[in-house]
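Heads up, the chain below is alone and in the form predicted on its own; it's given as structure tokens.
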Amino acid sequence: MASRWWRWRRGCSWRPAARSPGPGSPGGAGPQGPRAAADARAQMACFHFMKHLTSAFPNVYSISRFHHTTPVACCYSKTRSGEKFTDPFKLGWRDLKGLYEDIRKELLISTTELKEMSEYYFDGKGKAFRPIIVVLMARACNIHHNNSRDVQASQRSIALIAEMIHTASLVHDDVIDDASSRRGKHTVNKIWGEKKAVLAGDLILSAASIALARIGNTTVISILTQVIEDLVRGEFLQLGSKENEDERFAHYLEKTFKKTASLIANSCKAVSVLGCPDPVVHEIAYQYGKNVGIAFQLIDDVLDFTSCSDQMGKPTSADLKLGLATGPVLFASQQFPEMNAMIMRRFSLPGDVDRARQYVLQSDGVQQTTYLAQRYCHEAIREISKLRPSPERDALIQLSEIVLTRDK
């Protein structure tokens, strides 16, 4: 039956809601008509799509494990001992007092305008998600290694550097995307212009590089230099697209890792290297950061369809307007193959953005992307649970749930 075309035989019951006609499309032609043939083709395309996803990320998926029973995303709300988690933000901020003041000290700039531009986003109004993860990981690794409950000065510096690299990437992204708002206020490029914004982003990166060099650990320098390379490569991936439908999701996940997760993964690895000589711990830290980072971006892509502009601090449907096919769109295209032409032309024709948004909301693309994020968070929890129990380790587990349930 056409309504059951997306059910997997190998133990997977990944079923979308019954397909309704897309915007402006005619009704179905009956079980033996063109719609049935299209559903059969979609079933085969989806099989190859999941096969490709499995080969791209073998540690997270096998098709037999990809079993979706509910769109509700939830990790764990209690530790294995039954105690509630400590608030990770409250715990992490113990080591981050004066974070933004210290970052501004790194930006030693004599020119008033350039100083104002470079400090624009370091206003202390964000949650400092990345620095929080870094200092919690530092403590968790230190405790695991020798039960030390102190964060080294060099480990705290990694938290500052991570925030600086992230912020520089935001300034540059806003130039590339011609964005007008970020975090509920005008972007640097809209206030000062694109050329000056590029220079401001470059200056923040250079200050981060100087701070990194001061740490004096060549292994750590190499690890965090990889982040900058990944950011550039990820941006190039985002500028391109795959004509082969089976390769699109692997392309999307690779871009997501390089643009978002690499910074978190490599920052976590860097503090583990500074606090513990065991390569096994370094890999645990890296894998936790990688999986949480990918989940974070997947939820961000969901919120682009489900949150209002006031919540997000930037316009919604922004990715479609930029011509980007994110997770919800790629999942929706499995139910609505007519979206493939729009994806290839990057939603450039009049009405494409609105039609694509309607297709996504009529499909289960949002739910399936949320479920995919849940799977990554489960993998992150599995990795971090290998460390010795500590409040910081448990807080990192709690952060995985926060990633899934955030609304902005």
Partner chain sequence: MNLQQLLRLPRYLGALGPPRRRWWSPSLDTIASVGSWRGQSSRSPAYWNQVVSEAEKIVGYPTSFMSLRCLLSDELSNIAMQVRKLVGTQHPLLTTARELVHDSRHNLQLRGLVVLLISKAAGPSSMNASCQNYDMVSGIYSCQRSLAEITELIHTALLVHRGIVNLNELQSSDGPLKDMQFGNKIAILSGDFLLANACNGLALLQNTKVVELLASALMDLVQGAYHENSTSAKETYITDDIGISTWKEKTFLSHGALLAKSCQAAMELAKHDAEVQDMAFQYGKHMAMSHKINSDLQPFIKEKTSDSMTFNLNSAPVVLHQEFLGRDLWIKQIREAQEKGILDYAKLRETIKAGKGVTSAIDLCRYHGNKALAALESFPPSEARSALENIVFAVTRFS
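Numbering follows the first chain given and starts at 1. From a predicted model like this one, the values you see are computed outputs, not experimental measurements.
The protein also exists as the form predicted together with its partner chain; that form is not presented, and the subsequent description refers to it.
- Only one of Lys127, Arg233, Lys185, Lys321 comes within 4.5 Å of its partner chain in the predicted bound form through a heavy atom, and that residue is Arg233.
- Between its partner chain and the residues Gln152, Ser317, Ser180, Ser222, the one pair within 4.5 Å by heavy atoms in the predicted bound form involves Ser222.
- Under a 4.5 angstroms non-hydrogen atom cutoff, its partner chain in the predicted bound form has Leu203 among its neighbouring residues.
- Although the partner is absent here, Glu229 sits close enough that one of its heavy atoms falls within 4.5 Å of its partner chain in the predicted bound form.
- Although the partner is absent here, Leu303 is not a contact residue: none of its heavy atoms lies within 4.5 angstroms of its partner chain in the predicted bound form.
- Using a 4.5 angstroms limit between non-hydrogen atoms, Cys308 is distant from its partner chain in the predicted bound form.
- In summary, the region of this chain contacting its partner chain in the predicted bound form, judged by heavy atoms within 4.5 Å and restricted to 103-111, 266-274, 295-303, 333-341, corresponds to 103-111.
- Residues from 342-358 do not approach its partner chain in the predicted bound form: none has a non-hydrogen atom within 4.5 Å of it.
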